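Here's a solo chain for you in structure tokens, the form predicted on its own.
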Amino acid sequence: MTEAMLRTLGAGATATAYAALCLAVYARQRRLRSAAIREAAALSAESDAAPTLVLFASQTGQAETIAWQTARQLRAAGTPVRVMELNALDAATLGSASRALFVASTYGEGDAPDGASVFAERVMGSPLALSSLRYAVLALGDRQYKNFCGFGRALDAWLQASGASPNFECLEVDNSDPAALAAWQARWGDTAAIGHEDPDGAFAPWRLARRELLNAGSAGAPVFLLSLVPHAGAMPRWASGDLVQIAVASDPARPRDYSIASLPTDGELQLLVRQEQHPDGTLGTASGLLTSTLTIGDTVALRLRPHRAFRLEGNETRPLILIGNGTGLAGLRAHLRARAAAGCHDNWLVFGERQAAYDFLCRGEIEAWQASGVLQRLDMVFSRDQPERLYVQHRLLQSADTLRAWLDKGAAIYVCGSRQGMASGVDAALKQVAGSTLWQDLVATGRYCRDVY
């Protein structure tokens, strides 16, 4: 057999194998779609009396986005749905439902996210009679944490203990794994109903326009103010409270979130980034890129992420109590810029760092807000400027009467900064001052918002 004949036979075998692969993929997709249509039809038949509940427990908004995508699929298949945050769900509503789909994030080391903390305390404290409920759980998590998908697993276990019947085993998603999310979507109907757009938008190149060290001489790690502009095109829109994700070439599956410290009207996207240094002297992957590797004029891939749970939506006209530490000033600064532009001056900033001489971040701007009345009250807490270590939670307790008076006037609370220490301490202080009932009401009504990490 000649070499030409061998090549021809080889090419034919390759084409045949490829055709067989395509046929297998097509057949699998038809089976998945047929199963999804049958399941969606069953959902529709079962839900004539009541809609299917699509419930989300979110920290930064991903669970909410997936919940709305799921709802669009079900509606396209003819199934009536009702989308709710878990904190808005009471025992009576869940007890009367025949079908519920849960999209549940986990916060920290296995805790309920802010969007489910009230539900976990009020409803999950004891079993319910849910024998007529069929359900499914999509648990979102990150295997870098010890209690991976801890809240989703706890929710699934509680539902089963209450007599509810799962449609299938709890589906766990590691860091937005596309295959796991696709498996969830395939259950509820034609995925064309949710579109093919990336809900967070595509990554695009942004140019580093400016970088400024804010805490020269500090005993802590360096903190930089970075200004970025689109490499091409107009400045996109975002709201105060939103996030930006930075893509890192060495770890593309795990983009890093940063709070945006500016508004689109400022003409640049600003970040406050603390340079992370590992014990061996190497810099953190994302913070090292932003604070050291990039030079002015270089580009970095980023995308905007709406963070609806930390926006001012619904709280625009309320007094605001803004609490944070370190680079958490970023999200609070954006809110204060928005309030200043809107002429809203009933703002109270409680902010903590190490030493006033070196760590008073954005000092000129903050003092100008105080002088102009944008800040009705300012409490800067520097932990190392006195023998006794003081933190923002201590200042809240010291100002308990004032804090309670602001809450009685309808104030909303925004907390931005470190989860360990600061955020947990502030949470405990607020519960002590406000009491459990008012604290739960603050969370349930969207008056207690957090962007913590």
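Residues carry their position along the shown sequence, with the first being 1. None of these values were measured; they are calculated from a predicted model.
There is also a form predicted together with a small molecule; it is not shown, and the following applies to it.
Q: Even though the small molecule is not shown here, does it sit in the model of the complex so that Asp257, Leu272 and Thr285 each have a heavy atom within 4.5 Å?
A: Checked in the model of the complex: all three residues contact the small molecule.
Q: Though the small molecule is not shown, can you say which of Gln73, Ser240, Thr327, Asn347 has a heavy atom within 4.5 Å of it in the model of the complex?
A: Exactly one listed residue reaches within 4.5 Å, namely Thr327.
Q: Going by a heavy atom distance of 4.5 Å, is Gly125 a contact of the small molecule in the model of the complex?
A: No.
Q: Report whether the minimum heavy atom distance between Thr60 and the small molecule in the model of the complex is within 4.5 Å.
A: Yes.
Q: So in the model of the complex, does Gln277 come within 4.5 Å of the small molecule, heavy atom to heavy atom?
A: Output for Gln277 is yes: heavy atoms within 4.5 Å of the small molecule.
Q: Can you pick the stretch from 258 to 266, 94 to 102, 363 to 371, 73 to 81 whose heavy atoms fall within 4.5 Å of the small molecule in the model of the complex?
A: Contact criterion met by 258 to 266 only.
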